[in-house]
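In the block that follows, a single chain appears as structure tokens, in the form predicted alone.
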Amino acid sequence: MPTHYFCDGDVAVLSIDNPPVNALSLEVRRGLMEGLNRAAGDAAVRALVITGANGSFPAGADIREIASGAAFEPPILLEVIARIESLGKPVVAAIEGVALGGGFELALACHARIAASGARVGLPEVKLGLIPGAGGTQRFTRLAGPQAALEVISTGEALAAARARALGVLDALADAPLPEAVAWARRLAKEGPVPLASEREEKITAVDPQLFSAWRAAHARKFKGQLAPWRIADAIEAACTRGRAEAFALERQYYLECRESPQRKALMHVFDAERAARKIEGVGPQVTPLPIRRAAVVGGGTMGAGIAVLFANADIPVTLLDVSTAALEAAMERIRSVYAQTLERGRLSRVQADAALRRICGTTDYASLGQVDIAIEAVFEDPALKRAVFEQLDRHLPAHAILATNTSTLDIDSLAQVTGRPQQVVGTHFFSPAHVMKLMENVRGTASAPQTLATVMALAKRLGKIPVMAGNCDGFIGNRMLLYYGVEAERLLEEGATPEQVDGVIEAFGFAMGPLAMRDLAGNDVGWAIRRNRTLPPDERWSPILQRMAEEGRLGRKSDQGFYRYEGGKRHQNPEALALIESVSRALGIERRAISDAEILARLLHPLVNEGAKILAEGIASRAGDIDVVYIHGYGFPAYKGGPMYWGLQEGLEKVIATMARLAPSHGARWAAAPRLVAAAARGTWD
């Protein structure tokens, strides 16, 4: 049995031993119920402690059981929790490691919770399109109050033990939680147990009803189109406005609604895809990553500064190299600004920020990099400049060091060729801002050694990133597909759509920002500069719109003029931009027409799916899920729709094929339906 029962004097201890994360599987639930019943019938047992073996409390439900329905086989977690509350003897949770989801709901049902100072607790169900379904919203709200419950549960935030203690959802912190929990249980048995969380009312009475309407208004954009965050808010509001039994029943009703929703299925796919993406095709677990003890970043612009912050936050000393002391000082000012914002948001303490800053040093001399294990080049996207940097790195870095490039589109092999260590050259494509965006698109060159690949994938985890391994081609996975998205957005403008309509369709779909607003954010001059380094086949063309924007100084947010007009950071319709677009239509002899929202959505998203099929066929991506992970964490595709490849299957790949058949005659041969797409449509799967 994965649940062990033993006694410490008059206190029974139930220890859950279900590696690797002590998930609350059916066998664990059965063991807990048997242990609770055994303790209830033993007069010598006056109290109980529930804990987890191997340094971890249960990290949640068994994800596979949620998908299969086995989570509903009795005893379900609700029944285990009901038995704890009806036992008539105090029960204390001893928490080490993590207590998440159903694991934390189990702890919340106990009379007290004692945790190690390094433990983390939380209710992350929203990340899987769910809400807590075993009383988590109700008990958390009664212990911490509705404001904290709204913010923590709607985001799925994992709380550090100290913060959880301050909120009131933990009762004490201890170096050794189990002995302390046994002592607490014994004391509660002697003095009388405190009220259960489900019985407490003091933090849910006299709540201002405006709290919930204000919260919904403030989060309308963030959670637009999603189900679970709103149902979490509904459940928390019910805790404050309905009777106890009704509120608990509503939480369960909302949980079941979310469990059956397409969003839950899509987010479960993303969960699985993120884990599968960590595996490198052709590289087994026997390959040991190179230890990264010291790093270097070349180029102190926005991207380079953000990467330096990542290393410093991961407790890795980093040397930032730039061309002059003035450039270095500007880079350090960017870094100090990042930490100032982090402090303001409460994500780091002053002590932590100061310690991280001390891990960053600057230099203008490549000879100073003789001790680093990896150097990441983050200079401007110019092939000649990047090759020059790699020649210098190869000359000055130690023989074992890895040379990595942050390029977003350029050929990894061309950089490897200027070095004497092509097996140690790899792409590490971060996304801006590097210290915020989760994706790290690693790129394998022709000669990249297994250890090099294993090292950058392990490094991504250490830096707190979600990694995907891509093959080497123009644009890799993400930007190769994005080319179609951006080109088609401009073609739609030429034919009669407006920037507001194009972006409105994509934002209504679930993206935080449409393609034209994104161009303005990145800088239309930057987009045009990148485009000048790329070529299209003879039967395709670039729209002149982006070039005209850049040449006329309509650079986007940086100039307050682009596809939109900007005032105080807010975007507004720009009649001058529309006039420019209409002039391009006239010059090309295109008669503008009304374009439906459905056509816009198909023409923007179906080409992503088609190009993804080509990327799969060529081995640039190992799995369709890898493409979904890239687009969710790097390009803003709504996670609750599963990513472009998953969404394409749900949409119907036959529809994608039909769209490509319509576009190919006017757009070029590359737009024709890919053979892998046609095959997947016939099979109903990408596999």
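For every residue, the number given is its place in the sequence shown, counted from 1. Treat the numbers as computed from the prediction; the structure is a model and nothing was measured.
If you look for the form predicted together with a small molecule, you will not find it shown, but the lines that follow are about it.
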Q: Find the only residue in Val389, Ile153, Leu77, Ala378 having a heavy atom within 4.5 Å of the small molecule in the model of the complex.
A: Leu77
Q | in the model of the complex, the one of Leu36, Ile632, Ala47, Ala59 near the small molecule [non-hydrogen atom within 4.5 angstroms] | A | Ala59
Q) Should the three residues Pro20, Gly101 and Lys461 be counted as contacting the small molecule in the model of the complex, with contact defined as a heavy atom within 4.5 Å for each? A) yes
Q. Quick one: is Lys279 in contact with the small molecule in the model of the complex, heavy atoms, 4.5 Å cut-off?
A. yes
(Q) Would you classify Glu125 as touching the small molecule in the model of the complex, given a 4.5 Å non-hydrogen atom cut-off? (A) yes
(Q) Using a 4.5 angstroms cut-off on non-hydrogen atoms, would Arg358 count as touching the small molecule in the model of the complex? (A) no
Q: Mark Asp520 yes when one of its heavy atoms lies within 4.5 Å of a heavy atom of the small molecule in the model of the complex, and no otherwise.
A: no
Q) So which of 446-454, 580-588, 125-133, 524-532 is the stretch with heavy atoms within 4.5 Å of the small molecule in the model of the complex? A) 125-133
